[in-house]
Every structure is written in C-alpha cells, then in structure tokens.
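Shown here is one chain on its own, the form predicted alone, set out as structure tokens.
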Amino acid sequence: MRLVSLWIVLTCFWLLMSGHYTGMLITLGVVSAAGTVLLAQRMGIADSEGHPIHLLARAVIYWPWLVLEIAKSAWRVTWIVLDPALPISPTLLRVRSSQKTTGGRATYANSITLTPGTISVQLDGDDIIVHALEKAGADSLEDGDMDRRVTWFEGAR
C-alpha cells in the first residue's frame, strides 16, 4: 500500500509541476513515477520514514496547531523587537524529548526552530539544546506541551 501511495503522490507531483496535459506527457509522468518508486524500493528508502503516509491523519491536526504557535510567537517577537527597551532575556536550555523515533525527535527540534524566538542548537540523543530569545519562550518549552503534541503526532504513547 505504501508503494502505491508513493506512486500516486509522485504522479500528482509530476502533473502539478508539468502543467502540460498531453497524452504523451501524462504517460511519461506515470512511467517516471513508477520507475522512481521501483528504484526507491530497491534502495530501501520507500519505508515508513521515507514516505510516512501513516502520519497524514495526525498531520491534519498537528500542522494547524504548529502554524498557530508560529503566528503567536512571531507576534510576540515582533513586539519585543519594536519595544524601545528591547526586553529580551536570552536563555540557553536543555529540553528532553520523549519521542521514540529519530524522525519524531527531528520533528520536535524542527518545530522548536520554526517557532520564532527559539532555535534548536543541538540535538544530542534525547536532549535538545535550545536558545530562546526570552525566558517566557524557554518556560513554554519546559512545560512540555509541544513535546507531548509531537509525541502524539509520531504515534508513540
């Protein structure tokens, strides 16, 4: 099922990027996508990490939450930068990730970095070293809400 899903995604991507819908080009797209899927299977990269279709249902919930967090943080950072007193309190902290897979830990570290005002500096096993622009950003990471949501997103309990 994963290979069929990958083939559909690649075929749709081909059609979207091509913009030309003649019989020959559609046939070439379908054949190229099939060849790519066969090559990916032979290379062993068409697995659950290479094509994580199992995360699609959870992504529909996780991504809007992440976009909202990015917007809220961007708004906060904007106000900090525009404030004449520049009320920053740079903080370096270590947060523990509870994700079970390397993809889950990378998702957590990337989610931290995508949120304005925080940057994942180093991912070392289950620990992530984070630089936060202000103490409040560090405190929000330490409460563990993002960690729990990413753990749920990856499917771990």
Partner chain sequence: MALVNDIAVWILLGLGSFFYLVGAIGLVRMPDLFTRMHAASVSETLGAGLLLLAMMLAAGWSLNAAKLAVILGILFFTGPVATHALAQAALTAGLKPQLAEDRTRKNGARAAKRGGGK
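Numbering follows the first chain given and starts at 1. Since this is a predicted model, take the numbers as computed values, not measurements.
Omitted from view is the form predicted in complex with the partner chain, to which the following refers.
Interface membership of residue 65, defined by any non-hydrogen atom within 4.5 Å of the partner chain in the predicted bound form, is ruled out. With a 4.5 Å cutoff on heavy atoms, residue 133 counts as touching the partner chain in the predicted bound form. Using a 4.5 angstroms limit between non-hydrogen atoms, residue 47 is distant from the partner chain in the predicted bound form. The closest non-hydrogen atom of residue 94 lies within 4.5 Å of the partner chain in the predicted bound form. Only one listed stretch (112 to 120, 97 to 105, 23 to 31, 38 to 46) carries heavy atoms within 4.5 Å of the partner chain in the predicted bound form, and that stretch is 112 to 120.
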